[in-house]
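The chain that follows stands alone, in the form predicted alone, written as structure tokens.
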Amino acid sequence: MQTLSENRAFGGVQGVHAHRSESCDCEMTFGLFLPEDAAHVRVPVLWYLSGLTCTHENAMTKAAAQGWAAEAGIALVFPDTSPRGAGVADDDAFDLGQGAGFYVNATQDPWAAHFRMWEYVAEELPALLAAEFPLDMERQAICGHSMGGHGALTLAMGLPGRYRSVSAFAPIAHPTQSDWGRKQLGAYLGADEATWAGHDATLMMRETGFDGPVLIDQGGADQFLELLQPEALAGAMAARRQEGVFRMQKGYDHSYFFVSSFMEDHVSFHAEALVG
């Protein structure tokens, strides 16, 4: 592992690190914020998964999360959204290929060789973090925005007992029934739609739900509402009597202005589950 940068922030350290990933068979970069408490004790972990076109850097610089995490004594992990590099398959469209890993393990060519973001986020990166940093991996929570909200919800429900809480900003909520989903799941996983179900938060909520609290914020003026289908997830949460809150925020769009406006709420929500 190589440390690319470290900056003092809110009494802690915001780092950027790179390493050779076996899962994705390329170099991967991630951001890690360690609060001041990490100098003395192992600290709980909040994952933040970003959306389409993003890298590790977008949320790290725009989400305004570090100050609230420092106050709560929580580390923040900002993974990249896909494998990258000259030898990694890509597409001319912004919503497929590099920057659009969709948090799945691809089984179809040309994506299968590198696009294993589920394995990377669920297995490889947690093992690296546990070995290299003072993190309490028994206390993890997960959050995400848009495609990252999809990833956060599906990982949380797909890995029971891993995360104590899950939240999302404007998640791609029902990808098996949306153009933001059918295109990517078909390309990465193939035409058999039965293999898609484990990557659809609405279907997973209907089937199993999440064994902890859920917080969803959706902008009421989001320009991508028809693609996100928040009403499907809200209905599934209500039908399941899922512990959680779904909030429609009047006037907010899909941008990081929306995310940063409610980040304090999300960090506090996770802090309650992680720290008490």
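What you see is a predicted model; the values in this text were computed from it and never measured. One-based numbering along the sequence shown.
Although not depicted, the form predicted in complex with another copy of the chain is the subject of the following passage.
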Stretch in contact, per heavy atom within 4.5 angstroms of another copy of the chain in the model of the complex, of 45-53, 65-73, 237-245, 204-212 = 65-73
All three of 11, 250 and 255 touching another copy of the chain in the model of the complex at 4.5 Å, heavy atom to heavy atom?
-> yes
Could you spot which one of 60, 38, 216, 28 gets a heavy atom to within 4.5 Å of another copy of the chain in the model of the complex?
-> 60
Is there a non-hydrogen atom of residue 6 within 4.5 angstroms of a non-hydrogen atom of another copy of the chain in the model of the complex?
-> yes
Find out whether any non-hydrogen atom of residue 268 is located within 4.5 angstroms of another copy of the chain in the model of the complex, and reply yes or no.
-> no
Taking another copy of the chain in the model of the complex, which residues of 176-211 have any heavy atom within 4.5 Å of it?
-> none
